[in-house]
Structures are given as structure tokens and as C-alpha cells.
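Next up: just one chain, as C-alpha cells, the form predicted on its own.
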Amino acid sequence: MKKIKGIILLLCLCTTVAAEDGHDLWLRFRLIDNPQLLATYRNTVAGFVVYGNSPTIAIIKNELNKSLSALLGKAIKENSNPIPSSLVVGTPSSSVVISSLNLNEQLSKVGAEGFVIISKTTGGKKITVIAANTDIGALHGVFDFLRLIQTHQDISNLNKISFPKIDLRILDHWDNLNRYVERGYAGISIWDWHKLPDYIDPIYTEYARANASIGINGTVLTNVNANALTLTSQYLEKAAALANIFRPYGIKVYLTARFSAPSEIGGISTSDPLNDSVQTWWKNKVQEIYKYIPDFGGFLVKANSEGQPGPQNYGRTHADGANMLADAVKPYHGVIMWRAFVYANANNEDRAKQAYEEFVPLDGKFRDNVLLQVKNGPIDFQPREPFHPLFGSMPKTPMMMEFQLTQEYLGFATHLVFLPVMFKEILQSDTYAQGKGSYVAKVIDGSLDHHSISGIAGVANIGNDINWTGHPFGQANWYGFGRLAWDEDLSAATIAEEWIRQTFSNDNAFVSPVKSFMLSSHETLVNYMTPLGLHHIMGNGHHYGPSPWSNSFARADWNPVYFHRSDSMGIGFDRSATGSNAIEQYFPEARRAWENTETCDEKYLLWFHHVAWKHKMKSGRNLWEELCYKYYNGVDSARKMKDTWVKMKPYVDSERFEHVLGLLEVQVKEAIWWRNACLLYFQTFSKMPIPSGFEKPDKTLEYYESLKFPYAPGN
């Protein structure tokens, strides 16, 4: 009897260990469950040879041994020489075999991080070759090859060249030294500053591996609302320990620079960027940093925005401040990423205009190692915004995109929304800066204006939750950002399918419906939150839930009423020539799609216009009816998403199935909350009934207005 109980206990423990908690992310290497494919893969990859002896090469060998063995269900080991059906990995300088294959033309295109994967026959042996100019490029190629197998692709006759168009592909962590994550919805920071540098948590290596697998090559460790202590020797030693872990994965460390650090920790009475003592302090500090971290990437700076100190405190310009720091890091090939998210309370003009007005006059005045980091839209990571007018308007300055992966305005970590759809919407927007085809993507990859440096950043949605991102589907936004940063031409559909197949299942009965609702999830969320160009109507401060009635902050542009401007006549922010004229900041060809209410793309209608409640929409409905239709359609789509997921139960492990189902139930509940609260409030201005056929709100407006959330996460 004791033996039976022991066996039962052992089985229970094994089940617990094998539970699918989502921690493996998309690197979930499981045995290929298609017998025919499995046999083909085994025949194609019977072993591997990796040339070189760097720490990166050691990582490659371990990755191939572990991952291929798991995928193919048998030990796949390294051989000293290529055998038939071998995978061969290396560079021309490390491998005579690769050097003999005459891949010079292909490798001349891929730079330091790209790779070539090609099927070859040499010496009577059929081999698969992953070749690169560097070991880091070879690592990227290995992860790409593993992705092909994970997603059940044909690997028998490969001829692939891949390289990134964008140089800096970076995650920005809004993590504080006390491990609290600003706008973080997946637990506390994974950086355990107290235990660093002596204790190296294994999660740091897992983090680096995950980023390398999707081509991310940089990480900003600390919050843009910066703390000067990060620049002290105590914390530089800790950052150096992380840099040592990341380096073999091709990932550089960056820090946020507190502009007033010379005054706060340097003992200088000023932080004026034109002061000689201040400039010397920064040069000495940078020299110290590079002693700790020889490949330090540089600084990300938030200055003169939302209370952060900056050069304007001393009557200087953003260019003065950025250039001082750029000069300090220039000898070490470092860069400065200067955020353009600025708006002044004293400026009573439309907040959407202020960054453009402040920075465009400075075009051409920044050093060549400064990138201007610009949010995708002119307000603040809203569910939908038109592209920022700075893109295309500063041809002499490299422009770096900033997307937000953490869902500050998109339902936190309880709403499923696949953000690469939104990212593609922005990247494919035409600025017309140099005529038709001047896409935002071409601005940020540097090709439009022939810049030698380019960058893209994603505000991370990572925390210490077991599955990294809180919502299992939140991982898809981290994954999707990395894939788009590497290859901006990838479609959202391709990225979604890759992620689904690697993370859950290759069964088309699962892949097809899940991909379908992922691709529609962004529009679903926009419809039940901020349809037709509405924006920033979330709860004050914490940004949780609907609060279009809020008007409690002394600062006007922190209140929802500032943005929707509802009255008895209509709704919307007039940014046309009759209003704030923010539309004038766009090139003429771009603004033609928005400049009048009759022809405006309706998804931006209330962004650019104050529109009468009875305005006739393209559907034939009036504006009020269309607003109701969008809100109700959003709720219906959220319900359908949940219903579809219920049908996926046979294809998903119970733990992740139940987790996602529970969150989808929350999403439906909150979508109804959004719909009811917003329509009841806007109805007080329209004085029109909710159309017949729609279910009526079961709570009063007063009820919704009474809800308070003093401890909403991420505030």
C-alpha cells in the first residue's frame, strides 16, 4: 500500500513539474507530433558541427543539443566533422568547410548580425549550413532554423538570407531600483538589484536567450523616470554583471540618465549642459561606465517632461543637452536616445502639437550619434492614434520608434490584444515626406533619409510572473515586436501564426481560429474602448477602465474631458484648420485623408474633428448610432473571442487553457463596463436613445462614476 501511495505521489509531482505554465515562452521545444515530418527532420539533421570556441559558440552548441534532441525525440549530438545529414554552423573565418562553399556574395549582404541558411552537397554529403560573418549572426541563424522546425516547415531545400534593417532593436524597461515596474502588470522587476552582482538569477540568462531568439540586441535596464543612483559605482557593478550575461547573446546594456545627476550625486551646483564642470563630470562618468561595461550601448534620456529635469531648466535646448551626452559617449561608439515625449503645462495649445513644435526647429542640430526616440502617435500610446507628425519632418535627425508592449491603455494584462496589428498600421502609414511611399518604416530604418544609424524600442511588458507577461497572450506582443524589429516587412498574420505554432500547437484546427481572433483583437478592443478616433478617456492617473467624465486634475491635458470635448452639438477634438490645426503638421498628401469630416478616415474622425451627433456616417447611420454600433460590436467580438477559445480546449493543456479563459471572461466583463459607462455618459450630451435591438445597460451612469480604483496596478 505504501508503494502504491508513493507511485501516486511521484505521478502527481511529475504532473506538476511538467505543467504548462507558459514560462518557456515561444522556446517551448516539444517532440514533433507528426510522424512523417519527424522522420524527415531526423533524416535531415542527424547531427551537427559548430565551428569556433567563443562563449557564443558554446551557447549555440548547447542550444542545438538540447533543442534538437527535444524536438526530434532522440539525442542529436555534435560531431567533429560533417556527416551526411549534418547541420553545419560557423563563419568563413572559423570553418574551412563554410569557407569552401563560396557564400561570399550572400554573406556580404547580412552584416554583423544576419545569416545565411542553405542546403548544400559537399564531398558527397548533403548538409544544411548556417553561415554568418560573426558568431552572433550564427546564433540568430540557429534560432531561425529551430523556428522552422518548431513551425513544421520544409527544411530539405533551404536558401535563406536574413538580416535586420534596423540597427538598435531595444527593450525599454520602466523598472525602478526598488523592483517596482511603472506601468507593469506582470509582477515586479526581474532585476534583483539587492542580490546583484553576487547572485546571478538564472532568469537573466533565460531573458537574454528569449531576446536573442527574436533578434532583440539591446536592453535599457532602468526607468525613463530616472534615478541618479543607477550611475553610481554600486549600481554600475550590478549592471555590469547583467551585461556579462547578455554579451554572448549579442545584447548590449543601456541605462537611463538622470539629467540632474551632476548636481544630485556629483557635488556640482549646476547641471547646465554648457557648463565646463558639468561636461567634464559626464565625460568622467562615462569613462567609469565603460570600465565596468566595455560594450555599454549608451543612454536613454527623458528630459523636461512630466517633471523630469533637463536642459531647459538652464535655458538650454534639447540639442544642447543631447549633444553634451553624445560627446561624452562618442569616443566609445555609444549613442544617445533622446525621448521626444514632451509637453508643457504652461502651453495651452493642443498637446498633440507640442513635440513637433519643440523639436522640428532643432533638426540638423543634434550630433550624429543622437537618435530622437518618438512614440508611435502624438498623444500617448493610445489604442489607436495616427502616426506621429515628427516622422518624416526631421530628415537630418535619425528617428527612433517607441512602441509600448505593456498595455497601459489597452486593458493592462487582462485583455487579449495582439499589438503587431497596430504596429504594422503605423509602420505602413505614408508620411509623404518625399512623395508617395515615404512610409514610417522607411523613416525609422534610416533608408528614407540615408541615416547611418537607426533604432526601434519597445516598452517591455515583462515582470517576474511565472509566464513573464501576466497574460499568456501578452508574450505574443514581446515576440511580435522582436520579429518586426528584425524584419519590418513581416505581416502580422505571419507573426501570429509563428507564435501560435511555437507556443501552443501546430494543429491547424487550433492555429486557424486562434490566429483569426488574434488578428481582429486590436479592432475589437478599439471598438469597445475608443472607437472612431476617441482617445485618452481612461481613468485618471492609473488609466484603468473608462472615465470620460473625469476632470479632477488641475492640468487640463491629464483629463479625459480635454480630449473628447463632448457637448450638446457633438463630440471630438477639432484639430482641423478650424480648430487647433494640428493637422497642419502633416504633409499635405497625408492630411488630405483627414482634413474634412466628409472624407476623413472614420477611424480617426473624432481625433481630428468635433462632429455633430447627427452627422451621417458612411454606414448610413448617424454619428451617435455609429458610436453605439461600434461599442456594441466590440463587446460582441470579445464574447466571440471567448467562445472560440472555449472550443480550443482539446488542443491546449488545462493550466494555460483555464488561465486564458479566466482572463477572457474578465475582458468580456470589462468590455461591457466600457461600453455601458461611455455610452451612458455621452448620451447625456447627445440626448438620443441607444438604438433598439441593443441590450440596455444594467447599471446607471452614477454607479459607473462612483467606482474608484486607488490601488490599480502600474500607477
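A residue's number is simply how far along the shown sequence it sits, counting from 1. Please read all numbers here as calculations on a predicted model, not as lab measurements.
Heads up, the form predicted in complex with a small molecule isn't pictured, but that's what we're talking about next.
- Judged by heavy atoms within 4.5 Å of the small molecule in the predicted complex, the contact stretch among the candidates 564 to 572, 310 to 318, 404 to 412, 239 to 247 is 404 to 412.
- Among the residues 605, 224, 427, 417, the one placing a heavy atom within 4.5 Å of the small molecule in the predicted complex is 224.
- In terms of contact with the small molecule in the predicted complex, the residue from 380, 368, 507, 327 that brings a heavy atom within 4.5 Å is 380.
- Mapping the unseen interface onto this chain, residue 182 counts among the residues with a heavy atom inside 4.5 Å of the small molecule in the predicted complex.
- The small molecule is not shown here, but in the predicted complex it comes within 4.5 Å of a heavy atom of residue 306.
- Taking the partner from the other structure, the small molecule in the predicted complex has a heavy atom within 4.5 Å of a heavy atom of residue 339.
- In the predicted complex, the small molecule sits within 4.5 Å of a heavy atom of residue 302.
- For the candidate spot formed by 174, 375 and 543, every residue has a non-hydrogen atom within 4.5 angstroms of the small molecule in the predicted complex.
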